[in-house]
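Form predicted alone, single chain, as structure tokens, below.
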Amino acid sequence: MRRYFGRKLLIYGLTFFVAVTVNWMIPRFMPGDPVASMVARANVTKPEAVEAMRAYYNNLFGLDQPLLTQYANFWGALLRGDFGTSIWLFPTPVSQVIGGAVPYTLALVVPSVLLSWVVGNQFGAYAARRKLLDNTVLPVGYVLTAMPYMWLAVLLAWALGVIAGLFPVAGGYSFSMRPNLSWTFFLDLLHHWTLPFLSLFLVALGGWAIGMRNMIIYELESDYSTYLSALGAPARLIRRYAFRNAVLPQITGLALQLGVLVAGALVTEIVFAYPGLGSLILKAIQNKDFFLLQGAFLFIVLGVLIANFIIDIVYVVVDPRTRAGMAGAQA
């Protein structure tokens, strides 16, 4: 087991290195000059003052150095936990800006991913053995999983927000309120959270339901199910074994789809102007904020890698074949 997880950690470490390197490269190959944008916002008219400000900011952010030196400085600062200073919100540290957006993204992504996986698997398992439910779940599941996240978000905002007036369509909380520890503010947060959550939950739900339905049918038609049935085993016991075997590919699918789900959450945040990492990335792109983009992408990469590692651990716990294979390799 130690060798298995050691190999996994090595793979994740290499993935992290490559992803962070690409993360550093992307902003620097984007068109535009972030320092020029800062100087333009200052509304300075004198040419000598403009040049002085440009030289000062280039030196402050290290943008006047060769790319290899910038890359080495980036890793050095990263290992110290220094994500730099935001160009858009200068002189606010990037860590402080991201710290204000991360709770909103986590509160949106974690419940939608976990609940859609659990509920989708349950619906798919029920649909596999009930024809009436199968005739309902299958077409609805195909429609939901084929919908782009942002398109469903727009539909929900229009139907439940603009037409029905049941939910707000923008922001993380009411503009008339300030964040505080009170039930009134918490309920307002929940009110604004509902539509972005439903957008992510419904799209993911359809895919999990279809996948589990197909896997349950496959398992119920397999040799061990036929053999148990011939022995007179109760149908409930056979279905239980079928579900336990069918859920393993769904766990693998969760690991594979995690990046797609996070990307969908970022786009959904932009649609609803939700104050999470998605909106923050959009603002960073618009203002050519290299350091804020790097910090936001770094958090997403770390989150996806950690979540995948946790799923690897869960897979070892729930799948005895993996444990047996690890024990055989050690022997």
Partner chain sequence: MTTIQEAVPRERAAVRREALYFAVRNGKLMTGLTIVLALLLLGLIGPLFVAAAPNEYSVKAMSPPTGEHWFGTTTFGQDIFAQFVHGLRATFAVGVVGGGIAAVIGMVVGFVAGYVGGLVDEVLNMLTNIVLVIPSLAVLLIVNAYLGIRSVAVQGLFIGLTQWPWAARAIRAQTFSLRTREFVDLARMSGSGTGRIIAREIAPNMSSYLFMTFILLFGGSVLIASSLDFIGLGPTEGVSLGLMLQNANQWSALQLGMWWWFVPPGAAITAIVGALYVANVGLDEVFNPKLRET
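On a predicted model such as this, the values are computed, not experimentally measured, just so you know. Residue numbers count along the first chain shown, from 1. Here the rigid core means the biggest group of C-alpha atoms that line up within 1.5 Å when the two forms are laid on top of each other.
Heads up, the form predicted in complex with the partner chain isn't pictured, but that's what we're talking about next.
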- Note on the structure: With the partner omitted here, the residue among Val154, Val119, Ala77, Ile251 that in the predicted bound form has a heavy atom within 4.5 Å of the partner chain is Val154
- Query: Within 4.5 Å of the partner chain in the predicted bound form: all of Val18, Ile26 and Glu221, by heavy atom?
  - Reply: yes
- Query: in the predicted bound form, does Gly81 have a heavy atom within 4.5 Å of the partner chain?
  - Reply: no
- Would Ile11 count as touching the partner chain in the predicted bound form under a 4.5 Å heavy atom rule? yes
- Message: Can you tell me whether Phe290 touches the partner chain? I mean in the predicted bound form, with a 4.5 angstroms heavy atom cut-off.
- Response: yes
- Message: Can you tell me whether Phe297 touches the partner chain? I mean in the predicted bound form, with a 4.5 angstroms heavy atom cut-off.
- Response: yes
- Give, in sequence order, every residue of 184-217 that has a heavy atom within 4.5 Å of the partner chain in the predicted bound form, or say none if there are no such residues. none
- Exceeds or equals 2 Å, Cα of Asn23 between the shown form and the other one, core fit: yes
- Item | Core fit, then His191 C-alpha moves 2 Å or more between the shown form and the other one | no
- Query: Just checking, between the shown form and the other one and with the core aligned, does Arg178 shift 2 Å or more at the CA?
  - Reply: no
